[in-house]
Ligand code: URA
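In the form predicted alone, a lone chain appears below as structure tokens.
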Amino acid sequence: METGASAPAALHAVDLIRKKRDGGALDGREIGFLVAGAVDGSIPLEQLAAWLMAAWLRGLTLDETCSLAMAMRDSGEKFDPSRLGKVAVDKHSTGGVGDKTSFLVAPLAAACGVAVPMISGRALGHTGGTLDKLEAIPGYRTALSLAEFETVLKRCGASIVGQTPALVPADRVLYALRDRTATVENPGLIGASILSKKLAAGLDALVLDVKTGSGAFLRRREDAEYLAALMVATAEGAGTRTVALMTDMGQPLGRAAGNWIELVESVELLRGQRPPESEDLRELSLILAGWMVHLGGQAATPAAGYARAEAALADGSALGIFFEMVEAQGGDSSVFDDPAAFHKPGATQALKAWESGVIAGMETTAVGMAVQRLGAGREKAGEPVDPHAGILFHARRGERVEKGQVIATLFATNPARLQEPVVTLKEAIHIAKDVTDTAAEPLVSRVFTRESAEKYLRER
């Protein structure tokens, strides 16, 4: 008597934890089992946390990363942008301090004729969250249905939303768990999380901003390069044209780090203002938007895309799209008429230079933790964040300061929350009496295309 093929063995979370702990690689079926268990609750959080820690310690292979990204992408509904009649392009950053480029590149690229369906996240580790920042605008809704998402995109050309229970639900669970279990800084976990959200948006093209330096999640240059190449290869394999830019996070991007104050800085730039402390933010946003416009077929080269984006900044069309998006998602854009009047922090303190010299460097991760502990971030999932907490920087890396000069202003939820961040900032900002080499790090140090990413991974 003939017998059919035997059924695959049952899977158990503890076996997969042990396998990863011992250095083994999980196959697609095993990864899918963990992702499904995260979504339906059949795998307890403590087991998911244990697997995340094992993955963080042992690392994920390229195949594991691809399997995790695809399984999370398929864990819920997916958006189909084909009805928009435009090429769908997005940008995503690996996270930094003061990183607010989304508020600039989304309307800039939309003003140049591409659709920007942007699915973003909340504060994670020492970095701020795009959604937390947008929710500082009264009424702004980040939890839209896919039908509402499509409506906003048709009206404005850009929409920034979060993962709802129906969209990438597995990443929503694992993202929050990683934040609470110190399992953030891992190339495979970061890459899979980012790509699951982006691929669920049905993108035609994607521009990745991979941070390097003291404020990056991945502090070692080779880890950041691996992450960039890994994500480009994974996304291209899924049919999404992708490029990754390695960008500097050796100091906060722009002059504001927080929630509301980052929006204010972004709108100032959209209004054509050019404060010198925000010049790096303006330049990086135009570079990223230029690549988006190029990959979206609206410019022959990234440089031509940059020029188109800069024109959209100059003529006010990008500003109009940003305000239109805010209103379309329920936000009150009138708060930007007088931003200072809306800004009501519970406590404020000026940080003065404790000696004269040159700001030789910043421990940007520590700066980010100071921002979070002022009230801008959260230590437990679901905690509210203070929209008014944060730090304004009045001096940048390489600048000379005099003793007693105000180099930063801190905004906190209440006076008690100021003490620790002040101490942290003093330790994080290095003032040197004599600095012979203050050459700035390049804003963009490397670009990975499909070809260069695949070459990098082959030779690694």
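Numbers for residues come from their place in the sequence shown, where the first is 1. Bear in mind that the values here come from a model prediction, so they are computed numbers and not experimental data.
What follows is about the form predicted together with the named molecule, which we do not show.
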### Query
Heavy atoms within 4.5 Å of the named molecule in the predicted complex: which stretch among 317-325, 187-195, 273-281, 150-158?
187-195
### Query
Within 4.5 Å of the named molecule in the predicted complex, heavy atoms considered, which of 75, 102, 94, 372?
94
### Message
Can you pick out, from 255, 178, 211, 388, the residue that has a heavy atom within 4.5 Å of the named molecule in the predicted complex?
### Response
178
### Query
Does the 4.5 Å heavy atom contact test between residue 217 and the named molecule in the predicted complex come out positive?
yes
